[in-house]
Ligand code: C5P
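Only one chain is shown below, in structure tokens, and it's the form predicted alone.
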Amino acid sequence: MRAVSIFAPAKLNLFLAITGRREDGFHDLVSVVARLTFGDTLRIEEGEPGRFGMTCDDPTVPCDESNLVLKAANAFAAAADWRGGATFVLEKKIPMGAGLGGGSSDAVAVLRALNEGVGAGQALAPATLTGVAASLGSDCPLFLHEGPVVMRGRGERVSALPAGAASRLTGRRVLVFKPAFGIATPWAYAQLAAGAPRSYLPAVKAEARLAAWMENPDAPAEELLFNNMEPPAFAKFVALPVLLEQLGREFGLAPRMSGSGSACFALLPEGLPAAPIITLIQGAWGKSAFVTEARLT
């Protein structure tokens, strides 16, 4: 296969309702997710047949078999009965432990690139590719879709957001920011389980809340924002709610946490300067805080 570079976008959970825990240990959810114009870049080069390897410009990123990039390559090879090889060169921009889906997006970038590169004879059908993506992680299937989507189940059931609702999100300006610390996803879900049933939002209520927003063409994107993974995170990491409340008071924003955190985001009105907001964030969390401006896609 020829060498290619592929963009692996970050994602934001604009609406995230964890509705309960399943018998298999996973959690059910209802979530509206949008991808960003910000993300990683993955270069894929032909390698020795039957072997996969990777490098990364971030020394903190493991480049062994624990990385989803290599897991995705091996899963694709098994599903497609492909005996080729590849080397992956990852330019990492999405911070880890952020709830921005960086690892999942990188994995799906591998699946997409390999599926296009092997040729029609060995390419996986869309449903099969989705199944491989779901086997790698609950966040993975969404990255096979364009535009804002609704995730259900444990994340493997993905559908496009209706066009009218999607138009209220696509192109919106957003500021994404993360403190120096991350939040481990298993810990976050364990806290929800420990607080059950109060910590969950019943599926009926989650669907009703989402439907009410989708059916009201005048409802702005800010009215969609919700995340019931915030309470346990905010209880332990108080720097998060303190800053989000300050951003609301001083700039009239409605910032939220994305996914299981620790990254947060705020939708920005057109014309509002970002510099004073960034100054406040870095003043509160230090210069090591990650901050980037992007748009929803």
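Position 1 is the first residue in the sequence shown; the rest follow in order. Please read all numbers here as calculations on a predicted model, not as lab measurements.
The same protein also exists as the form predicted in complex with this ligand; that form is not shown, yet it is the one meant from here on.
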Which one, 285-293, 272-280, 18-26, 5-13, holds residues whose non-hydrogen atoms are within 4.5 Å of this ligand in the predicted bound form? 18-26
Within 4.5 Å of this ligand in the predicted bound form, all of R154, T185 and Y189 (non-hydrogen atom): yes
Position in contact with this ligand when the complex is considered in the predicted bound form, options G97, G84, G117, G137, heavy atoms within 4.5 Å: G137
